[in-house]
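One chain is shown next in structure tokens, namely the form predicted on its own.
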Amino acid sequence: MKCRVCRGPAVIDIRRHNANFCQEHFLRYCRTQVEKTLKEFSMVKPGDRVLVAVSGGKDSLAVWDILLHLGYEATGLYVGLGLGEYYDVSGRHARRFAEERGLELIEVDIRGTYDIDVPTAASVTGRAPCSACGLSKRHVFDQATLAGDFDALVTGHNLDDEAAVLFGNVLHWQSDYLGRQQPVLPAGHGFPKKVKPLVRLGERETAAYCVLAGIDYLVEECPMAKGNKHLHYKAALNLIESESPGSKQAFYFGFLRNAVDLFSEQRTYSEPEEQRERTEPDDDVGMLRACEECGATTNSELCAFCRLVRSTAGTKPVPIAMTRKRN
């Protein structure tokens, strides 16, 4: 197996491109793919200040590293969600990455800041843990990006992530979600710009990038993710990809080219459905207002996160083991 570029010994193959790469040219390939994505979708431009949401995992650390190699001013944001030892370990990976490179890492512990954590919120409200987690992270991400006057929030969603989400949204024809599923969500109505530079790279590639770039990352999956429906969507797509390499990329980018505009009128800036109570009315940009508690944009008196905080106020923290089965 020889590198496509230099014909030296290859260390990885990428079947959808029918290409093999040595270490040097694989790292260059990943950085080139991200650079191409940044330009194609007008995500950020030279001189922009970006905030990277980091979890200590392969995707977030890879995108942070690549942005730095491309010359961007990138600050990290780590959110402690109260997931016990798992997030203690993930935090150590994020801190080590930042310390070794002399980078700024903003940390927000939601138990210390808001007196809430994901296991307790899931247990008290009956939400799936991933729902409570996503809601909490989005709130902190938005607030930190706006408070720091960053030009964009960067997340580590990769091709596998986006293809799986798209698969689920198409299966259930979630038209409002389909209108939002783009590599860039522009700033507006009190929400920051959000970008996903890794959409041309799969999970296997981001993991290989970290290994070959010498980045130590958290390998274990979140202990509360078991049963998450998107894991099943990923597994189904992996079966298709194994028989027809390139299917995930064709599916996702075909949607962006041919179908996303059909749903664009249904895209809103207000909170996604999983953040709202089921009894609330459909999103309406004209109804948006500032949350009475935190000032975040919402279509209710209180944003979904502040309602979650209120619902768990004074509750004794719940161990992970008691909520894991709810997902």
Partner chain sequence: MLVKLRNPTRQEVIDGPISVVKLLNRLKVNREEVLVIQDGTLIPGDAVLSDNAVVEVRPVISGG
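Since this is a predicted model, take the numbers as computed values, not measurements. Positions refer to the first chain, counted from 1.
What comes next is about the form predicted together with the partner chain, which is not displayed.
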message: I need to confirm a contact call. Of Ala10, Ala19, Cys306, Val318, which residue comes within 4.5 Å of the partner chain in the predicted complex, counting heavy atoms only?
response: Ala10
- prompt: the partner chain isn't shown here, but in the predicted complex which of Ala147, Leu171, Ala250, Val219 has a heavy atom within 4.5 Å of it?
  reply: Val219
Stretch in contact, per heavy atom within 4.5 angstroms of the partner chain in the predicted complex, of 237-245, 95-103, 174-182, 77-85: 237-245
message: Residues Val34, Glu35 and Arg200 are flagged as a possible site; in the predicted complex, is every one of them within 4.5 Å of the partner chain by some non-hydrogen atom?
response: no
- request: Check whether Arg310 has any heavy atom within 4.5 Å of a heavy atom of the partner chain in the predicted complex, and answer yes or no.
  value: no
The partner chain contact in the predicted complex: Asp65, any heavy atom under 4.5 Å: no
query: Do Leu135 and the partner chain come within 4.5 Å of each other in the predicted complex, heavy atoms counted?
result: no
task: Check whether Lys193 has any heavy atom within 4.5 Å of a heavy atom of the partner chain in the predicted complex, and answer yes or no.
output: no
- prompt: Hey, which residues along 199-225 are within 4.5 angstroms of the partner chain in the predicted complex, non-hydrogen atoms only?
  reply: Glu203, Arg204, Ala207, Ala208, Val211, Leu212, Tyr217, Val219, Glu220, Glu221, Ala225
